[in-house]
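Single chain ahead, by itself, as structure tokens, in the form predicted on its own.
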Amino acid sequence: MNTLRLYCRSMAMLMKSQLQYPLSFLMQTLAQLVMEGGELMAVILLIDRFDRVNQWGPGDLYFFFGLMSVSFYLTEIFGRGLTGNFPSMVRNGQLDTLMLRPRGILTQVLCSGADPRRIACIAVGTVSLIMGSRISGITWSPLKALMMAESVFFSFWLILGLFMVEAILTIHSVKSIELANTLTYGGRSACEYPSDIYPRPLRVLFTVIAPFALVMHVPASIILDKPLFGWPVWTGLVTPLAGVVLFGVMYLLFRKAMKYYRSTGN
């Protein structure tokens, strides 16, 4: 509980520090809005060129895009310390000082960074979700709302777990390994669309190794009344658990990797 309180206080201070220069924050937030709006524009152009992609209509594609945007950028707001600060901490030796403090390394790393500018990307994702819901004619029910909330919640842990892959590789190599970005940022770009439109190797990648399909696509397809792989409705409540399972595995590997950490001596 003390750890959670410490994390909340750190996030509050980081958010407050970002808002000390409101004009700078506003300009950077607008830049994020333009960038994410450009990605939504790519989906609109795709829909304008093709009426359908496999079984998925325009509204369905908006819905998948929105779900990914909201989940991914929500994680980036609160997990920025892991994906943005950790590699430099290893290189400049700052991680050594964290090891002297009476708190967990992961907790301190997460408390070191936040990126509230991503709220603009979340806003674009929310608009896309609303557009997708209306165009697809989704009939919302308590079960579908629960499925949606569960998908976003466990997507947070899935993406945080994938960010830890880069952290683990950085401990062993000192420098950040861009290969890890194929699972995180590459996965975000690819899985803005349902996984069944890709060839089998990519479907396996995003179902087994980086299970975006299980955490996002299966529940989203059931909400859209077009179950992916023909799976029953209850799977939309179970498969998102893959997100927290992957985070748990990555957390254990992170702890093991820290045993092999050697200071850079800076």
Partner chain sequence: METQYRGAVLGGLICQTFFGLVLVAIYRAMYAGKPQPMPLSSITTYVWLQQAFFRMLLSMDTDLLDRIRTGAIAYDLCRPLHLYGYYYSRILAMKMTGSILRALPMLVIAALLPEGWGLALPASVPALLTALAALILGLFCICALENVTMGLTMRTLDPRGVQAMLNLLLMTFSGNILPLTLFPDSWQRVITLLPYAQMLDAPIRLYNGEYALDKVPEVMIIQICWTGLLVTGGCLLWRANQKKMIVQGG
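No experiment lies behind these values; they were computed from the predicted model shown. Residue numbers count along the first chain shown, from 1.
Keep in mind that the form predicted in complex with its partner chain is not shown, yet the notes after this line are about it.
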{"property": "Candidate stretches 220-228, 66-74, 39-47, 234-242 - the one whose heavy atoms come within 4.5 Å of its partner chain in the predicted bound form", "result": "39-47"}
{"property": "L30: touches its partner chain in the predicted bound form, heavy atom cutoff 4.5 angstroms", "result": "yes"}
{"property": "M35, heavy atom within 4.5 angstroms of its partner chain in the predicted bound form", "result": "yes"}
{"property": "Distance check, L179 to its partner chain in the predicted bound form, heavy atom within 4.5 Å", "result": "yes"}
{"property": "Partner proximity in the predicted bound form: Y185 to its partner chain, non-hydrogen atom cutoff 4.5 Å", "result": "yes"}
{"property": "Heavy atom within 4.5 Å of its partner chain in the predicted bound form - the one residue of F163, Y193, F78, W157 that qualifies", "result": "Y193"}
{"property": "Sequence-ordered list of residues in 196-218 near its partner chain in the predicted bound form, where near means a heavy atom within 4.5 Å", "result": "I197, Y198, P199, L202, L205, F206"}
